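There is one chain below, alone, in structure tokens, taken in the form predicted on its own.
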């Protein structure tokens, strides 16, 4: 990068950072239970005070910019989360998205497919930094905290053990009695209380889709597939030549899966959304019918869809269509979108922590 370009970027950086909502300062908390959704795209904390749930989130991403004292001071003045590494500043959380858009660059993820990203040497430090911004230290020793972990796949069970242990160790140092909860089960806890916590919870996030079939809150089957919002963004960007950031913007703001595509990007989004949903439905059927002792549930059960990937209009309709075509082995009573798709996992984790308390 030339000196002229570097100076130009410095000015832009200082202007852009004024748009960032400052993350909360790390404080001590008297909260008796906490739920944390540690997702590939975002980390969300859920608490409950005076009978009302409260959610706070940070983008689970970072971007590296050239180090300068000027930029470092601007970051500090605006309370923007960052680490200094050699000749770079690693800006993480919500501020990373502002800088990426301004510099026409891509953010990097400390997690991939729901787990710590082994290809990012700073992944653990970034995750810990975001958690510290969101989760206050506990004043009550042994306060219960539940955090989400992905469902296992045939080739990643050992990775999940490591991922969960790293997170638990850090959260315990903040004064909590922390425990992992399957992400799909958290959705069941959040949305199916009236059904005695019986049904299928699906969390379709950035890195993967997590599924859990539960009966009276007991998980019978849980698994995940390595397709989520990132898969769609990257696939569409690859075939259209557009950057993933732009694809993501169109997906989140304009996409309607019930309407005919208006352009090449929307057409590709339709194609890859269908591919993801078909993969999800087939995996659900295979995991239920493939068990040596398939679970027997006498009454029809509900399915709850949650996560940012389910938000485009028409997702539920496409899911229902492919589920019928696949001749699903269980009778379904109804399919619904979670009341708050982006916060359902954090809410379920909070409920789990409250029950443990």
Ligand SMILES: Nc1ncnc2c1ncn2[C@@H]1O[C@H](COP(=O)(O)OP(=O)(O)OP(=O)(O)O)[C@@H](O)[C@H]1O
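What you are looking at is a predicted structure, and each value in this text was computed from that prediction instead of being measured. Positions refer to the first chain, counted from 1.
Omitted from view is the form predicted together with the named molecule, to which the following refers.
Q. The named molecule isn't shown here, but in the predicted bound form which of 270, 108, 82, 251 has a heavy atom within 4.5 Å of it?
A. The residue in contact is 251.
Q: Could you confirm whether residue 338 comes within 4.5 Å of the named molecule in the predicted bound form, counting heavy atoms only?
A: Close contact is absent here: in the predicted bound form, residue 338 is far from the named molecule, nothing within 4.5 Å, heavy atoms only.
(Q) How about residue 311 - does it come within 4.5 Å of the named molecule in the predicted bound form, if we only consider non-hydrogen atoms? (A) Although the named molecule is absent here, residue 311 would touch it in the predicted bound form, with heavy atoms inside 4.5 Å.
(Q) Residue-level contact is defined here as any heavy atom of the residue lying within 4.5 Å of the named molecule in the predicted bound form; does residue 191 satisfy this criterion? (A) Residue 191 lies outside the contact set for the named molecule.
Q: Although the named molecule is absent from this view, report whether residue 35 comes within 4.5 Å of it in the predicted bound form, heavy atoms only.
A: Contact check for residue 35: no, nothing within 4.5 Å of the named molecule in the predicted bound form.
(Q) Looking at heavy atoms inside 4.5 Å, which stretch does the named molecule contact in the predicted bound form, given the options 202-210, 165-173, 125-133, 234-242? (A) Going through the listed ranges, the match is 202-210.
**Q.** Residues of 334-349 having any heavy atom within 4.5 Å of the named molecule in the predicted bound form, listed in sequence order
**A.** Contacts from 334-349: just 342.
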